[in-house]
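Just one chain is shown here, as structure tokens, and it is the form predicted alone.
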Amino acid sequence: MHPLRGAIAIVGAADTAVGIVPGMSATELCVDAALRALGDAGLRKDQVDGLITCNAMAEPCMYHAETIAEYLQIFPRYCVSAATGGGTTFAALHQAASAIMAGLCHTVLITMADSLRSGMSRDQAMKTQSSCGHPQFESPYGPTVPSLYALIARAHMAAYGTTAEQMAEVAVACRAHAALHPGAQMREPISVQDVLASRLIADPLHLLDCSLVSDGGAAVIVTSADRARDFPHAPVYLLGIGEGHSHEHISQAHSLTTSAAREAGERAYAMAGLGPSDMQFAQLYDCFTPTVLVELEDLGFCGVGESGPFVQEGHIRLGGRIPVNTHGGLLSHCHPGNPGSMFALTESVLQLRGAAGARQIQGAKVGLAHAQGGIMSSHATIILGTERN
């Protein structure tokens, strides 16, 4: 058995308000999330000896983790600012687990936030959107992030006959789940026709195929499984974790219809000693609807080329074969940039605590969460459970 399997637990988790939060800066949201998670875990600030954050686009700091530590007035012996785009959350969890196992620290606070909705102008946002391309092979042609993901959508459609209606079903399912979450940014139900009728952003992606722009933050507290029994809530154990990194720029990707989610998932499954059929839910990175289709295939929830019919048949909805993004995901709950997948992590903790309210999956004991950064570039998969073994 892998030494990391079941050795680490999440003992605290919390979200801030999300959506439009004009009264708080990115830094204040990050600190608010941290204090909420500490409260959830019943911890004092001085009981934290590790801190991991990621920088904020709206309020960047040269030494972000140190800035947050200073603001909180904590003095950790392990202090890291992580940066792997949207996959930062689970890569940070991997780092925290490794640091605890190595004896570098005992209790790690992972807190991330941004205020993309209130803290950035439209011009700033567009500059950010257009600055991620390869400086030689992409940026001179002016693509923005949605157009780069549209390449993935078109490739999947050409290879497997995937339709715009099938991609739209991802957005519809996520919105149905968000409607059950009292804190979600967008809760009004939508239909496939609503998605297809929304404004075209980058063919074939419409506005409702694209994730939200949000303010918000979330945080978790991580410690060793042996210490996890001393906290108010039942611990949620890290059973498996894996990463996969295939490219930085989409023009250098070996494939547009598969990704390093495959390798990340295989490594997480191997560590956990479990497989796709054992998962009771999957929180998948849904910055755009076609990413979910690719991830469903790469992570083994359906066959290659089968994800379009799979989602159209309702298998990713609550009550389906593998409920996806039970909080609404980036498409409907919120998406404050790099911290977006933090909400998939806190939602997973709520599901495994049995505390997800109207969207609770009955008897949930094990689930998967996956995050990716860049343009399907850097991937991390985690498997969480209520039992260590």
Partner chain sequence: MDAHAGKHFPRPTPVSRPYWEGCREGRLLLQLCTGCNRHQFYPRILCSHCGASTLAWAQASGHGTVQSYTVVRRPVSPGYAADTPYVIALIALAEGPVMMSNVVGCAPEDVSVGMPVEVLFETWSGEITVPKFRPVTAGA
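Bear in mind the structure is a predicted one, so any value in this text is a computation, not a measurement. Numbering follows the first chain given and starts at 1.
The following text describes the form predicted together with the partner chain, which does not appear among the structures shown.
Chemist: For the three residues A26, E66 and R77, verify that every one has a non-hydrogen atom within 4.5 Å of the partner chain in the predicted bound form; reply yes or no.
Modeler: Verified in the predicted bound form; spot residues all out of contact, no.
Chemist: Mind telling me which stretch in 148-156, 278-286, 78-86, 304-312 gets its heavy atoms within 4.5 Å of the partner chain in the predicted bound form?
Modeler: It is the stretch 148-156.
Chemist: Consider the chain as shown here, without its partner, and state which of L299, L208, I250, A99 has a heavy atom within 4.5 Å of the partner chain in the predicted bound form.
Modeler: Looking at L299, L208, I250, A99 one by one, just I250 meets the 4.5 Å heavy-atom criterion.
Chemist: Taking the partner chain in the predicted bound form as the reference, which of G265, P235, G119, P143 has a non-hydrogen atom within 4.5 Å?
Modeler: Selected option: P143.
Chemist: Heavy atoms within 4.5 Å of the partner chain in the predicted bound form: does D230 have any?
Modeler: Looking in the predicted bound form, residue contacts with the partner chain do not include D230, since no heavy atom lies within 4.5 Å.
Chemist: Should E138 be counted as a contact of the partner chain in the predicted bound form, where contact means heavy atoms within 4.5 Å?
Modeler: Taking the distances in the predicted bound form, the answer for E138 is yes, it comes within 4.5 Å of the partner chain.
Chemist: Taking any heavy atom pair closer than or equal to 4.5 Å as contact, tell me whether H106 reaches the partner chain in the predicted bound form.
Modeler: No, H106 stays farther than 4.5 Å from the partner chain in the predicted bound form.
Chemist: Should H245 be classed as touching the partner chain in the predicted bound form when contacts are defined as heavy atoms within 4.5 Å?
Modeler: It does not: once the partner chain is placed as it appears in the predicted bound form, H245 has no heavy atom within 4.5 Å of it.
Chemist: Counting only heavy atoms, which residues in 41-77 are within 4.5 Å of the partner chain in the predicted bound form?
Modeler: Not one residue comes within 4.5 Å of the partner.
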